[in-house]
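The form predicted on its own is given below as one chain in structure tokens.
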Amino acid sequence: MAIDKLNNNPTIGYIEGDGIGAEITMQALKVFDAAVAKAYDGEKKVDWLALLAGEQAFEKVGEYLPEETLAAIRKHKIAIKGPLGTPVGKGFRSVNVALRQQLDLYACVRPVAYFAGIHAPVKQPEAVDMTIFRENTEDIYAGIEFAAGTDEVMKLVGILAEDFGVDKIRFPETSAIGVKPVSVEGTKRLVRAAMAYAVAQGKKRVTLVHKGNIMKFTEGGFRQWGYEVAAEYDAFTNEMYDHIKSVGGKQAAENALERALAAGRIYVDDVIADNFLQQILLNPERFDVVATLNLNGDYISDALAAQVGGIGIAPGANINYDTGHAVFEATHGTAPDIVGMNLANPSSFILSGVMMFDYIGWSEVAVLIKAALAKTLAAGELTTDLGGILGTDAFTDAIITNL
């Protein structure tokens, strides 16, 4: 899935980010420029536009997310960014979340796959090859919450008790309260994006991950509305499988599924979130594309990244497939303990660039970068976090050499 091909000289914004952000961003841009030059022999070139966000922005202009940055992304549609810091329990809410909500980047897309040469904590990391579609704008990340002891939270607790008969708040006088919105529209556009991606990539299975057994109207609604989207695509669902199995036995159900897949239909099933976290360890090869809500997706994406060697090699994108706006990002933290030490691993940022070039239709560049990175890792040319000895700049130079 990509937007219409851009012109030969597009403007793409970049946000260095906080902490190690400046180091990995500038090294990654060197890789991108080298790959574009090799792929197109000077016929195409990216104009990089520096944008401000995070602590750097606050220091320079007194805002964590300046309107100028949002306006530039709205205009040029595509941006890529380094990690941005988020304080816990105080101060401003996440700039990452604000970017997603302000630009309505409703799909957080996280492909997870293993690269040979990287140490992973599981026996068969190569069995992990899936793409997570995480809903980005709803769920508890909507940021609707009220601090314990405030007039607002006491008013809300009173309304819940008096108007709705809610008596299950164990300690109403000292509770903080959060609200979890999950909508039909938000769910369906996310699941449609996952289904369209599965069709475009030739994937066989889309799995809805939820906690609908407990949160029956929010996460249960996500499951229900997700299956309604599956019907739009004439998908073969696990409900169909179970029905055939109950009538004709397991082999009949397996045969029906095999025929459906052979005919190009997608198999859509659903898994409870806690069980899914077990299954990605026990049977990761069973899953292709996963659609899930915001909080579940946060947990799942990082858990899967750990299985293939760590979040330092996990790319990510935040996309609105309706408007075409997209912000690609390094998915790890700011690592303040190694700032300025030439130790940061730029792979997450570089792989996010692979996603970005695919998205804008420059697949030749994406293929070159991914192959060069894979060759570098397989040769044991690794940064220290991956068990090697290379610094950020030497690792980058190795990738460019392998182009």
Ligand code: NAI
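Residue indices: 1-based, along the sequence shown. Owing to the predicted nature of the structure, the values given are computational and were not obtained by experimental measurement.
The discussion below concerns the form predicted in complex with the ligand, not included here.
- Although the partner is absent here, L293 is not a contact residue: none of its heavy atoms lies within 4.5 angstroms of the ligand in the model of the complex.
- When the ligand is considered in the model of the complex, P336 lines it closely, a heavy atom lying within 4.5 Å.
- Using a 4.5 Å cutoff between non-hydrogen atoms, P125 does not count as a contact of the ligand in the model of the complex.
- Looking at T187, you'd find every heavy atom of it more than 4.5 angstroms from the ligand in the model of the complex.
- With the partner omitted from this view, the residue of L343, I360, A39, A372 that lies near the ligand in the model of the complex is L343 [heavy atom within 4.5 Å].
- Just one of P111, G85, G117, G212 comes within 4.5 Å of the ligand in the model of the complex, counting any heavy atom, and that one is G85.
- The stretch that touches the ligand in the model of the complex, counting heavy atoms within 4.5 Å, is 344-352, out of 364-372, 59-67, 344-352, 46-54.
- Contact here is defined as any heavy atom lying within 4.5 Å of the ligand in the model of the complex, and by that definition not a single one of R134, A193 and T207 is a contact residue.
- Residues of 374-392 that come within 4.5 Å of the ligand in the model of the complex, judged by any heavy atom, reduce to D385 alone.
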